[in-house]
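First structure 1, then structure 2: two forms of the same chain, each alone, as structure tokens.
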Structure 1
């Protein structure tokens, strides 16, 4: 496995050595494979948001190491800013961080800080705004004139415009309708395909994890309690329920149909998989 990010015995403590001390992560060990789409799931307070802030040095572990391409990101603390260009973090509700006069200026902010010349900055603004589905007209507007979904896409484009090797997104589709969710996730997938990037997605949505991720990491009480392919993790329904999660709703429906005589031939985790199997069955093509 080509490891892009590796955590070795990482712990993180809030309010260390105070009466309010809370251990958010406990001896976490994990590897993120280069070019993969990895989902991180867990109930509120499980440590998943703290975990992803360690990936680009927004937080520093109390103990243990965070490696990027095999190098400890804190080996040279004064150069941690370079890591943040390589590992782009889109925090939850990033639209609240928009602040420039125009959408174009907001997307340009990161590339400008990287020291790129005006032509290179303009090229990136055009490329990544188009990738997330924003028009040239949108670019000239104030960010506050955009819809909620457009603001979210503009904020994500601003991170993409720095061309990070690793794109980390904390609940990127939270609060969006199904159309908005698909626009966000399609843009993320296109970015990965075009740039060859590694993608890490934090989400509460089991459906999003099932449809979009190659691999799933489950967090509970600051620890990794499951780590494997989508099918490996989602097949352990009892373990997921024990940490406050569940399998996708379509999986439950498929199991109900199976109990009434419709054999899917395999465990179903996404709506598209279920639809394909049902359509084949109705057309006489049989099940897998």
Structure 2
């Protein structure tokens, strides 16, 4: 595995040495493979959001190390700002953070702060606004004139415009309808393909995670309780349920059918996959 990010024995404590001390992360060890799409799932308060804030140095671990391309990001604390350009974090409900007068100015904010010249900034605004599906017309509007889904995509374009090597998104599709959700996930996939970036997504939607991720990390009470390929993680339904999560509905159906004698022969996550296998069985291909 080519490790893009590596966490070694990382712990994080909120309100250290106060009566409100809470350990948010306990001895977390994990690797994020370069170029992969890794999903992080876990119940509310499991430590997911704390974890993603460690990836770009927004929080500093109480103990342990965060490595980016093998280098400790806290080796030179004064240069932590550079890490934030390399690891772009899209926080929850990022549309609440839009503040400029036009969408274009908002997307330009990041690259401008990186010190790029005006032409380069403009080029990036164009490129990444198009990538997330915003029109030239949208760019001249006030962010407040956009729909909820468009605002969200504008905020994501603002992070992409800094061309981070790692794009981290905390609940990028929360509260959006299926159409809006797919637009966001398609844009993320395109960014990964075009830039060769590594993508990390935090989500509550097991269906989305199963459809979009290569690898999945499961958090519970500040610890990593499962870490593996999508198939490895979602084939442990009982374990997921025990930590307040679930498996996609179609995976549940497949398990029910298996217990009644019809085996899909593999873990299924998508409707079309399941339909293929059932149709084959019906048309006489049979199942053993």
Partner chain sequence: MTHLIETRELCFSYDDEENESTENKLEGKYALCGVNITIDKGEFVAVVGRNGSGKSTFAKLLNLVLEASSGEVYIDGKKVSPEMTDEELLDLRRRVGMVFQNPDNQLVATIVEEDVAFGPENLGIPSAEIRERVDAALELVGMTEYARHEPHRLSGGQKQRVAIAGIIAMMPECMIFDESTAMLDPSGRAEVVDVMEKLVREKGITVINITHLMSEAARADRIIVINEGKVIGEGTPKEIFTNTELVRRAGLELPQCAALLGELRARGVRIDGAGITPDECADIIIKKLQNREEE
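Since we're looking at a predicted model, the values are computed, not measured. Superpose the two forms; the largest set of C-alphas matching within 1.5 Å is the rigid core. Numbering follows the first chain given and starts at 1.
**OP:** Please let me know, 1 or 2, which structure is the form predicted alone?
**Re:** That would be structure 1, which is the form predicted alone.
Original post:
When you overlay the rigid core, is the Cα of residue 9 off by 2 Å or more between the two structures?
Top reply: The answer is no, as the C-alpha of residue 9 shifts between the two structures by less than 2 Å after core alignment.
Original post:
If we fit on the core, is the Cα of residue 278 displaced 2 Å or more between the two structures?
Top reply: Comparing forms between the two structures, the residue 278 CA shifts at least 2 Å.
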